[in-house]
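Presented below, as structure tokens, is a lone chain in the form predicted on its own.
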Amino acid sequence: MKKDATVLEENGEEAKKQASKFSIAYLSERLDDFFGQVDTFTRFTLRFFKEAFMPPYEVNEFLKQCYLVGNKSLPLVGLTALIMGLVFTMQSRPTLTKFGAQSWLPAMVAIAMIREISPVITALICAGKVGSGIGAELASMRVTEQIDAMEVSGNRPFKYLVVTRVMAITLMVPLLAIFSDSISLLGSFIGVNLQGDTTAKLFLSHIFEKLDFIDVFPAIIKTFFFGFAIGIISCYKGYNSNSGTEGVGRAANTSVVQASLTIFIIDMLAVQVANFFT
């Protein structure tokens, strides 16, 4: 019995050692993979900045991507902004009415929408609609060896496929955010008039009395970073895709997830910076 107990104890210790070695090896492998991805992504980003300012410039492709990113996203962004402004106004009215602050409703909704809600929601919509599309498109081109063919023929696929898309998204997301701000205020105006009677002049005067430059400027600036993050992450995932057709779906999925997470991180940092100057 004592011998059996000793054998079991030794086996248990050996199993613990093997499990410990396995966990350490797995952790080391994951860390190596993580830092390898960081290194590759950093090189990809630096290559973008290098080629973005080197001629020749793909102006036609850039304008085409601006149209695809901006014009094609207008209906979805506009409808979402209208619903957000309407619902936020209707939800906020009862609370403000309890405290006799109903006159603050237009200004409160406008500040909340312009500073936070519209830029973030617009960026998330672009990450889901545009980012996934770019990731899947470039991944499919990589799988079907179209990118390799362009490299062999000397057509500079990085500038044509990556630089134009990243620059288009970086420019279009702020414009879409401004459009979203305007439509959300229209939705708020409709919400105010559902249970009252307010003229457009009075509604706008309440907004601009409380709206400051510090509310608008940081919100617009951070949307450029949102757009750049969406573009560079989506292009990176698609351009460096592998594993055949399975990699196409993975590139689209990871583009949306990582771009959305990056948007929240940038927004958190932007809020801290903006609060530092207020």
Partner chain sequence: MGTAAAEKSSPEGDIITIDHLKKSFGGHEVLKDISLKLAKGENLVIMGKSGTGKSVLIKCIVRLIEPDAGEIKILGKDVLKLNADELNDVRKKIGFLFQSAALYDSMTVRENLEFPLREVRKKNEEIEQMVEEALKNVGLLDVIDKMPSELSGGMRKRIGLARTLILRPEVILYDEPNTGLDPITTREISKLIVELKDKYQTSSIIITHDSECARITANRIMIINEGLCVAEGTYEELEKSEDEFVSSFFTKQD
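Numbering follows the first chain given and starts at 1. Small disclaimer: the values here were computed from a predicted structure and weren't measured.
Below, we refer to the form predicted together with the partner chain, which is not included among the displayed structures.
Contact annotation: the partner chain lies within 4.5 Å of heavy atoms from the stretch 153-161 in the predicted complex, the single such stretch among 110-118, 171-179, 76-84, 153-161. The closest heavy atom approach of Ala149 to the partner chain in the predicted complex falls within 4.5 Å. For Glu58, a non-hydrogen atom is located within 4.5 Å of the partner chain in the predicted complex, even though that partner is not displayed. The partner chain in the predicted complex comes within 4.5 Å of a heavy atom belonging to Thr144.
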